[in-house]
Structures are given as C-alpha cells and as structure tokens.
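Form predicted alone, single chain, as structure tokens, below.
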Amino acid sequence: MPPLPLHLQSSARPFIEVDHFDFWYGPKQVLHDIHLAFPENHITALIGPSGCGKTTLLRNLNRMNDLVDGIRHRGDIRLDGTSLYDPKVEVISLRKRVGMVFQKYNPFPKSIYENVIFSLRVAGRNDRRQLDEVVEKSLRQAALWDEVKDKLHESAFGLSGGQQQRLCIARAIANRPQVLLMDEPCAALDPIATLKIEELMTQLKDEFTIVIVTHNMEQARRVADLTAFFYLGKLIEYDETLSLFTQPSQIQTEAYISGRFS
C-alpha cells in the first residue's frame, strides 16, 4: 500500500493511492515513481517549483490528462481501492466523484443558479424542488449563499473574482463528489478573497478529501494537514505540514522552503 506519513498510518484511511506512478508527455517523462497516499477528509498540499510535476499529478487524479495527445503512464492510481485505469471505470463517472477547481475562476455564461446545477442538468435532473435544494446547499457550503440569494438568476459575471471562484467551488461540489482537486485556487485573488477560500477549504474537508496545488507556501502552512514536496518530477518528501516546514528531512526540501531556490 502506498505510504501515509507515519503518524497517520494507524488512524487515517488512504482514500487516493498513487502507486509507483510514472507519466510521460510524448517522449518527456514528467513524473518519476510517485508513491504516496492521500487520507480521507484531510487537505493535502502539493508544493514545489514550477514544472516539478505537481499539477500533472493533480490532473491525473481525475484523468484530465487523458485529453492530451501522446500521453502514457506506468504504475497505478486507485480511488477508494479501485484503479482509475480499470476498463470498467467510466471517465465521466470518475469526474463526478472527483471534482476540480481551476486556477482561473471560470463561471459559465449563465446565471448563478444555472452555474451551480449545470452538471445536474446535463445528467437530466430537472425536478425544480431538488435543484433549488442543491443550489442552496452548495452555495451555503461555498460560503456564498448570503451574498447571492437575492440575485440567483443574474449573470455569474456580475460577481467579484473571489465570489466567482466560490461559485466555481459550489458548482464543483453540487454533484457531491468524494474528492475535490484545487489547482492554485487563490492565485488570481486578492488577500481578502484568498482568506475566504482558505476558510472554506478547512470547512469542506469534513465532507470531502481535498488535494491542493499551491505555490504559496504560507497557504500550505495555513490550510494543509499534509504537504508533499516535488522537485524535477520526483516526490522528495511527504509529511505532516508542520513537521515538513519546521523539520524537513531532505536537503532539497529545506532549500526550497527557506527560499534558496524556487
């Protein structure tokens, strides 16, 4: 079984398991023998310099990289014990279980209401009472309901950047996924909006297993239970966040978090 940090091995259930995973874009290998597990209902941060492979790994957790030509992999990734590459796994169903929030907020050119229930509409769900319940629950969980409840049928583009990102989180959780992937979700936001998203992540981990890619090491310190440091496509160190930042075991980790390279 791919490892959890020692202090979690007896108490936390590994929900996502990355098992000796290699990955290539064409002839270029970008991930090398990645071997780790993400525990259920925890926030795990992936950190490291640009180009180190952390976003590539994140995009493999819901097979989004399948959309890229010329990719291949070796090894396995399992979600709740089932390989993502099992022939019986339907990618569309997988992405319902593994939601994603991107760096640049990307609401659809629709109303706030229709943004939240977009995936439910696609699935053919049209019961208005059920949809209303999903909209309210998702927006409340995204800490946005009180700000938009009186303008649900107005354009999502009328919201601020921070509100649009929280709307995208509401859209991602409307389907009740088990996992929420977040790729630099605060990179385009101001400090106040960033704080709201960070507070939101801490609340959401009670229901979802969260994996976040961030270049902001202070953000990783603030929100992540666990942190994995990547360098040149390799997993260098994986530990409880406080331990990794205060007592890193690897020279490369210490150099990165102390700012000696970036």
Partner chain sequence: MQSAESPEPLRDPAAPPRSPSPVPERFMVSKGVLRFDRFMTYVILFGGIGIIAAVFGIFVFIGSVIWPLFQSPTLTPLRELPLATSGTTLVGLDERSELPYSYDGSADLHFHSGSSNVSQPLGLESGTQITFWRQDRLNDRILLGTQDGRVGFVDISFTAKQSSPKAPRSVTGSLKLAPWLALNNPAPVESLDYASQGERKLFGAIVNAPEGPKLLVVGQRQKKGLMGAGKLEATPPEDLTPLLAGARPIRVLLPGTADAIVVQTQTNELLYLFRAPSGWEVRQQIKPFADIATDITVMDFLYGDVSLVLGDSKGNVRILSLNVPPGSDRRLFAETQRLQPLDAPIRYFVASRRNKSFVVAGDTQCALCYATTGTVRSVLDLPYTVRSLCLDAKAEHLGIVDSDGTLHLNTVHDPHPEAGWRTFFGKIWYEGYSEPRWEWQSTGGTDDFEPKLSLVPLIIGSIKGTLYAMLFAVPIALLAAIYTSQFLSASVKRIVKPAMEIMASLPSVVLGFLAALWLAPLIETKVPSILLLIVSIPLSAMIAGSIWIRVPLHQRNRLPRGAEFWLLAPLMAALGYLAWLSGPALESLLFVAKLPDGSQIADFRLWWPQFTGLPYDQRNCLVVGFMMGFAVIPVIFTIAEDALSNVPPALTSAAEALGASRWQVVRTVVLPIASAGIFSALMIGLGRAVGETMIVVMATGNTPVVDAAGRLLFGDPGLGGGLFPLADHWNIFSGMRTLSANIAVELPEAAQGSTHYRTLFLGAFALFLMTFVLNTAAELLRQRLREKFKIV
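Numbering follows the first chain given and starts at 1. Computed from a prediction, not measured in an experiment: that's the story for all the values here.
Separately, the form predicted in complex with its partner chain exists; it is not shown, and the next lines address it.
Q: For the chain seen here without its partner, which of 139-147, 90-98, 188-196, 70-78 has a heavy atom within 4.5 Å of its partner chain in the model of the complex?
A: Selected range: 90-98.
Q: For its partner chain, considered in the model of the complex: do all three of N62, S119 and V122 come within 4.5 Å of it, counting heavy atoms only?
A: Heavy-atom distance to its partner chain in the model of the complex: all three under 4.5 Å.
Q: My question is simply whether P109 lines the interface with its partner chain in the model of the complex - judged by any non-hydrogen atom within 4.5 Å.
A: Residue-level check for P109: yes, a contact with its partner chain.
Q: Applying a 4.5 Å heavy atom distance criterion, does F102 contact its partner chain in the model of the complex?
A: Looking in the model of the complex, residue contacts with its partner chain include F102, since a heavy atom lies within 4.5 Å.
Q: I'd like to check something about V134: if you look in the model of the complex, is any of its heavy atoms closer than or equal to 4.5 Å to a heavy atom of its partner chain?
A: Residue-level check for V134: no, no contact with its partner chain.
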